[in-house]
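The chain below stands alone and is given as structure tokens, in the form predicted on its own.
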Amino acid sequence: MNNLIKGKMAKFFIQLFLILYAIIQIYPLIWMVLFSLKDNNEIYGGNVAGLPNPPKWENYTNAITQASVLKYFFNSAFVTGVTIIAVIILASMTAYAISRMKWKLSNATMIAFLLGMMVPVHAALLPLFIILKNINLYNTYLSLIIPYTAFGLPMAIILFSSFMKGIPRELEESAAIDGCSIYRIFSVIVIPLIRPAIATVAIFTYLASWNELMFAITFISKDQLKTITVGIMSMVGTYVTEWGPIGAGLVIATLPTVIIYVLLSEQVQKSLVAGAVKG
């Protein structure tokens, strides 16, 4: 009986802890939405954390029409989308060549990509700037897509290689006997089996590219090519800053992240659990 009571109390406190932890994690998102519906008078008047009274929906209109948030949003969407596709294609093919094929430099190639993870992003800023200027890619979408793809490849290759090593070789051998080429084996057999890894790579590449600021502010100076992070930062005025439209811009920039996480979180959990078991 005592053990039953102790078990129920332990379960109650664990649930209470998880509820409090969830509130702490979710509250910043709720606060950001409430913040986006206030004006400067309400924010500086002491109602920073309370409900907006009344809600200033025009902040969203101002963010879209006056601050051109949608333009920056679509620039970020294009750069991030192309980067995700490039990372998945290049990393999956490289991982397949390293983990499933026998050739002399496979281990050296893997080590070279692992060394890429050791290069600090800040150390690459100046060399990349000079290179992009010399090859006339400064102020173009490629000035962001290429660095984002390069820095996303090492982790993606490691993840894909880990998954591909777990695929039975008999599947590929049977397909080869039936006449499948190596390209068909890769696209029809291997790719469907690593879908959790693809989802994980996609969401981590998205987070790294969508929220990136340093490269975006250094390699892009044209207003029509600015990404959402640079666009929102440029909304801060020299003398007066309208915080309501900035909050609205932050909500618009955060929405895709929340939607993508909700859609792909199950695949990411499967990928991490599978990686933990294999590790």
Partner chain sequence: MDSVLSNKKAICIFVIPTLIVFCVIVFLPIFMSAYYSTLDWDGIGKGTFIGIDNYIKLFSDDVFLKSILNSFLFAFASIFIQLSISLVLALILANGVKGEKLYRTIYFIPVIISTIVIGQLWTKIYNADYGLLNALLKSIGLENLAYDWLGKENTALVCSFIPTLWQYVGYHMLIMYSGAKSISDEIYEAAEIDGSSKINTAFKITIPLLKPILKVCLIFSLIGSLKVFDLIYVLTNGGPLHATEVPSTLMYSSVFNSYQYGYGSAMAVFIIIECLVFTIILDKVFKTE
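Values in this document were obtained by computation on a predicted structure and should not be read as measured data. Here, rigid core means the biggest group of C-alpha atoms that superpose within 1.5 Å across both forms. Residue numbers count along the first chain shown, from 1.
One more form of this protein should be noted, the form predicted in complex with its partner chain, which is absent from this view; the next part is about it.
Undergrad: Here the chain is shown alone; which of 77, 112, 85, 189 has a heavy atom within 4.5 Å of its partner chain in the predicted bound form?
TA: The residue from 77, 112, 85, 189 that makes the contact is 112.
Undergrad: Choose from 158 to 166, 192 to 200, 77 to 85, 98 to 106 the stretch whose residues reach within 4.5 Å of its partner chain in the predicted bound form, heavy atoms counted.
TA: Answer to the contact question: 98 to 106.
Undergrad: Does its partner chain come within 4.5 Å of any heavy atom of residue 243 in the predicted bound form?
TA: Residue 243 belongs to the contact set for its partner chain.
Undergrad: I'd like to check something about residue 67: if you look in the predicted bound form, is any of its heavy atoms closer than or equal to 4.5 Å to a heavy atom of its partner chain?
TA: Contact check for residue 67: no, nothing within 4.5 Å of its partner chain in the predicted bound form.
Undergrad: With the cut-off set at 4.5 Å between non-hydrogen atoms, does residue 31 touch its partner chain in the predicted bound form?
TA: Taking the distances in the predicted bound form, the answer for residue 31 is yes, it comes within 4.5 Å of its partner chain.
Undergrad: Just checking whether residue 62 would be counted as a contact of its partner chain in the predicted bound form - the rule being heavy atoms within 4.5 angstroms.
TA: Outside the cut-off, so no.
Undergrad: May I ask you to list the residues of 13 to 36 that have any heavy atom within 4.5 angstroms of its partner chain in the predicted bound form, in sequence order?
TA: Residues within 4.5 Å: 14, 15, 17, 18, 19, 21, 22, 24, 25, 26, 27, 28, 29, 31, 32, 35.
Undergrad: Does superposing the core leave residue 47 with a CA shift of 2 Å or more between the shown form and the other one?
TA: Result for residue 47: yes, a 2 Å-plus shift.
Undergrad: Against the rigid core, is the Cα displacement of residue 29 between the shown form and the other one at least 2 Å?
TA: Yes, the C-alpha moves 2 Å or more.
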